[in-house]
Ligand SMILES: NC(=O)c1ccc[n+]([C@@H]2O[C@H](COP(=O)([O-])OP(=O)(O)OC[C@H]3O[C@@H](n4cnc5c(N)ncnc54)[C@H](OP(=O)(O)O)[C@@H]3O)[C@@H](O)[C@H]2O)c1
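There is one chain below, alone, in structure tokens, taken in the form predicted alone.
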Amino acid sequence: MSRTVLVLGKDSQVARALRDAAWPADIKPFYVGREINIENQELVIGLVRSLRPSTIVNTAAYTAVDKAESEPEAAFAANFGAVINIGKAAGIVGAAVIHLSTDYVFDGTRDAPYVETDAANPRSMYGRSKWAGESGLAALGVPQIILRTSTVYSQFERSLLQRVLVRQRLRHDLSGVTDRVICPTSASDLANAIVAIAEALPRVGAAGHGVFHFAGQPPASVFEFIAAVVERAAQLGLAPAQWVRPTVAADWPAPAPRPRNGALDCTKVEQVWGIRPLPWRVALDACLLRMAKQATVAA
């Protein structure tokens, strides 16, 4: 018997990667984007009632970190209000929710990678809105898998990877902070994890509900990631070779504070779901190779 998985936010990096993922034959993914306003509870409930999915994957979010400082209502409408609507709709049809969250729910002051039980203390409006979404969904009591991740990148536009490549191709100055830790996460790797969880949900059941971390490993500085992108892109002919200047976060003031340490411990997701994030350098290489092949075909 086939199962429907409703994927919300069809134009996000992760949803686009889900389109290329290998879904099991008995799962039918159904993608919905801005044609349904998920901030409207009536519309969300109507959609979910019509499709009756077994699982709802929410990749939709307000992700403009700096802009959220001056647009808190918009951030909370998308990252809290819409999540509540999704949870309520899921409860009506008995669906599970796989919801994406972020390392920004932490303040970044810890000296070790964060585990799921560490106290949230978001410093930015974006982080607060995402934490509100997590908390609100948990309070509804619907079956849920919250996946916190970090610095998602892809071959698609608007990702950090693409922004770096654009600057590299234009020979603009490139720099990266050495004192901020991230876990660069491939959208494709995250999409494969979501597919694996959706497939395993019926047999794992309630043991798989809760908060999990899934992010590229090991943690790295922003500088390390950007330098790796630039070096490999040059090797593959995607952009000219270029030097990346190391700098510090204090040299780049921004409206929204970033966690100094965004490292996420991913032990729990492997123990419960049997999945492990790829080493970020391996996943980055795979992403850049895909881009190089696409460039060759286009030429």
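Residue numbers here begin at 1 and follow the sequence given. Keep in mind that what you see is a predicted model, and the values were worked out from it rather than measured.
The next section is about a form of this same protein that is not shown, the form predicted in complex with the ligand.
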{"query": "Residue contact check: residue 175 to the ligand in the predicted complex, 4.5 Å heavy atom", "finding": "no"}
{"query": "Interface membership of residue 267, the ligand in the predicted complex, 4.5 Å heavy atom rule", "finding": "no"}
{"query": "In the predicted complex, residue 61 touching the ligand (heavy atom, 4.5 Å)", "finding": "yes"}
{"query": "Partner contact for residue 37 in the predicted complex: the ligand, 4.5 angstroms, heavy atom", "finding": "yes"}
{"query": "Triplet 135, 144 and 212 all within 4.5 Å of the ligand in the predicted complex via a heavy atom", "finding": "no"}
{"query": "Heavy atom within 4.5 Å of the ligand in the predicted complex - residue from 124, 149, 168, 217", "finding": "149"}
{"query": "Candidate stretches 198-206, 220-228, 115-123, 95-103 - the one whose heavy atoms come within 4.5 Å of the ligand in the predicted complex", "finding": "95-103"}
